[in-house]
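Read the single chain below, which is given as C-alpha cells and is the form predicted on its own.
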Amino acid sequence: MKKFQGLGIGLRDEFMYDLLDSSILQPNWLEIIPENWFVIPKKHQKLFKNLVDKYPIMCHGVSLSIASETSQMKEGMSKLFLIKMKKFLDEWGFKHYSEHFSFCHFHGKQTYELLPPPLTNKSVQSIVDNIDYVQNFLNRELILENASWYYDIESEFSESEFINQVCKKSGSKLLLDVNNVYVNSKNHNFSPYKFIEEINEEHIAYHHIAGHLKTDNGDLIDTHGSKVKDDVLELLNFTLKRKKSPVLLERDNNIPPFKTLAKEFNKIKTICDNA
C-alpha cells in the first residue's frame, strides 16, 4: 500500500512532465488541488493517470468554506461543490482530502480568498457541525489547515486553542502549515515556537511549507511564490522533532526552472530525513 511519508510536492502544470521520470527530484507523494482537476484537459489525461498510479495522492482543496454557516453548507453553491468533489474523489479512488480553517463563500458568492473565522465558541461549534456533515457526505476524514490572516479577528481564545478544540470535538486532523504559523507570528507579534508547542501533536496529520513575501511596511504575506526562508526551515525542524509527520512543499507562483526547484526540494528533504 502506498504511504504518505517523507517529503511531497504540490503538483503543478509547469513541471508535471518533468516530474514523471525525474532523477533529480523524487517526491514521496504528491498533493493536488482537486478543483483544478474536476475537468482534466485531454493533453494531461494520460500523464495525470500515470502520476496517480505512481504516487500516493493527497487532495488539498481551497473552496470548501468550512467556516461558513452550517445552513449554507447544506444548500446552494456549497452543496453543488460537495457533489462535484465526491464524484471526483470516488472516480479516482482518492481517500485523503484536506482543506482550511477558513471561509470563502460570502452572500452566495465565491470570494477566492481564505478568510479566517472568529475564534469563538460559536464558531467552534459551527465548524464542528460542518465537519461532521462534510465527512458523512464525502465518506472521508477531513484534514484542516491553519490559515494565514492579515487583520485582527474576534477572539475568545488563542488560535492554537481554537484549533485544538475543533480537532478534539470533531475528530478531524490538522494540516499544520509551518509557514503560515511563521507569517502570522511576525504580523501579530507572537512566538511561532510557543504556538507549535501549544498544538496537540496527536492532531497533526502532515505539514506544509512555502515561501512568503515581505512588504515595504514589514508585513509578511503568504505567497507560495519564492523559496522557503531559512527561518521557516528552522521552525520546521523544531516542529518535526516534536512529531515526525509528512511534509509538503508548496510552490504556486514564480515557479523556477525544474533544476532550481529540485535543489530546494532536496535541501528540505535532508532536513526532513534528519529531524
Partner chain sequence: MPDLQKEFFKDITQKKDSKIKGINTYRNLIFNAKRHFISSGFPLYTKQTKSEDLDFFIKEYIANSKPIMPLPMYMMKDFINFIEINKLEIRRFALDILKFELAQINIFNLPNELRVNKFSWNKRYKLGINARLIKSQYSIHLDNPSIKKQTYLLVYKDLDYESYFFEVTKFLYELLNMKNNKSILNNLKFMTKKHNIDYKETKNIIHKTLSDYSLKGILATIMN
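Predicted model only: the values in this text are computed from it and were never measured. Residue numbers count along the first chain shown, from 1.
Note that the form predicted together with the partner chain isn't included here; everything after this is about it.
- Per the 4.5 Å heavy atom criterion, the partner chain in the predicted complex is contacted by stretch 79 to 87, the sole one of 199 to 207, 133 to 141, 79 to 87, 168 to 176.
- Contact check for residue 160: no non-hydrogen atom falls within 4.5 Å of the partner chain in the predicted complex.
- The shortest heavy atom separation between residue 35 and the partner chain in the predicted complex is within 4.5 Å.
- Residue 109 belongs to the set of residues with a heavy atom inside 4.5 Å of the partner chain in the predicted complex.
- Proximity of residue 150 to the partner chain in the predicted complex falls within the 4.5 Å heavy atom cutoff.
- For the three residues 52, 128 and 237, a heavy atom within 4.5 Å of the partner chain turns up in the predicted complex in no case.
- Although the partner chain is not shown here, in the predicted complex the stretch 156 to 176 places no heavy atom of any residue within 4.5 Å of it.
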